[in-house]
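Just one chain follows, in the form predicted on its own, and it is written as structure tokens.
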């Protein structure tokens, strides 16, 4: 049995108190809400905090508030199960409800939070192993080593973004409110991420994600999310495709396509989305858009399935998601259907 290392657990009752504790303990502290990713990483000695600042007891971080007309705010400590089942989210932001409902397993969605999933660690076959396994191969630069074992000649880490909700929130135009002892700021979801497997978050370590802010649900906007994984539950995404589009009849007036698990950050496919705007959607247009969207996807051999297969499936999933959003097909897809 792999055991947790010793640590001190602090349980503040307000976000301001939590921010002060994080500032006080500096690099020795980490934040924890659901802990579904952090605790396993601590057991494998990938994270080694001396202090954990718990967020679950902070009421202001939980709950879903607002309306479709004025925008919806989701507290960062709201569970993924609550997000997936919320009536307004299901109706107005269906891709987010889908993505939250596809994270891991039901038991872990009851613990895991949307803030945790937004900030979840990047993943790699050489990194997400036990300490003994990683020691046997000499470690990697993400933890304890000095080279990237996926691309040994590279000066950077290529671990991939593993969040289901991040590409969806990016495509929906969501914002995040960050709180620290120095104050607070609100940033677009796109500004949270950096294309680096180690320093994948642009927020400071002392900043707490307080809530996720969804814009008003403007009439005509539709969204869909598709996830590729080997098993139908528990697994992290090997590919995630988020599509949001504003339709006027059968004409696309605005569109966003964001890919997950193909790089160290969610990857927007701006050329593909632009190709949809002002067009009546046809099968030929969808095929063209899918080809354009696959361009930014540059998977490496560091997750499940082969990287040529994942590149090929990107086209398939983008085509299915676009067709579903534009009313030309069903968004349902599994890895078995495209194997």
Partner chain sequence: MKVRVALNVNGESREALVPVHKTLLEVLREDLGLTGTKHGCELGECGTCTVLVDGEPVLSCLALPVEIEGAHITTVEGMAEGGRLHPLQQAFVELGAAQCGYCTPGILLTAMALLAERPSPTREEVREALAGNLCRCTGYTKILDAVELAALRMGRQEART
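Numbering follows the first chain given and starts at 1. The model shown is predicted, which means the values in this text are computed figures rather than measured ones.
We do not show the form predicted together with its partner chain, though everything after this point is about it.
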Interface residue in the predicted bound form among 295, 63, 49, 40, criterion: non-hydrogen atom within 4.5 angstroms of its partner chain: 40
4.5 angstroms heavy atom contact with its partner chain in the predicted bound form for residue 183: no
Exercise: residue 151 in contact with its partner chain in the predicted bound form, heavy atom 4.5 Å: no
Contact flag, residue 271 vs its partner chain in the predicted bound form, heavy atom cut 4.5 Å: no
Interface membership of residue 299, its partner chain in the predicted bound form, 4.5 Å heavy atom rule: no
Triplet 115, 194 and 265 all within 4.5 Å of its partner chain in the predicted bound form via a heavy atom: no
One stretch from 22-30, 280-288, 65-73, 40-48 that, in the predicted bound form, holds residues within 4.5 Å of its partner chain by heavy atom: 40-48
In the predicted bound form: members of 106-121 within 4.5 Å of its partner chain, any heavy atom: 106, 107, 108, 110, 111
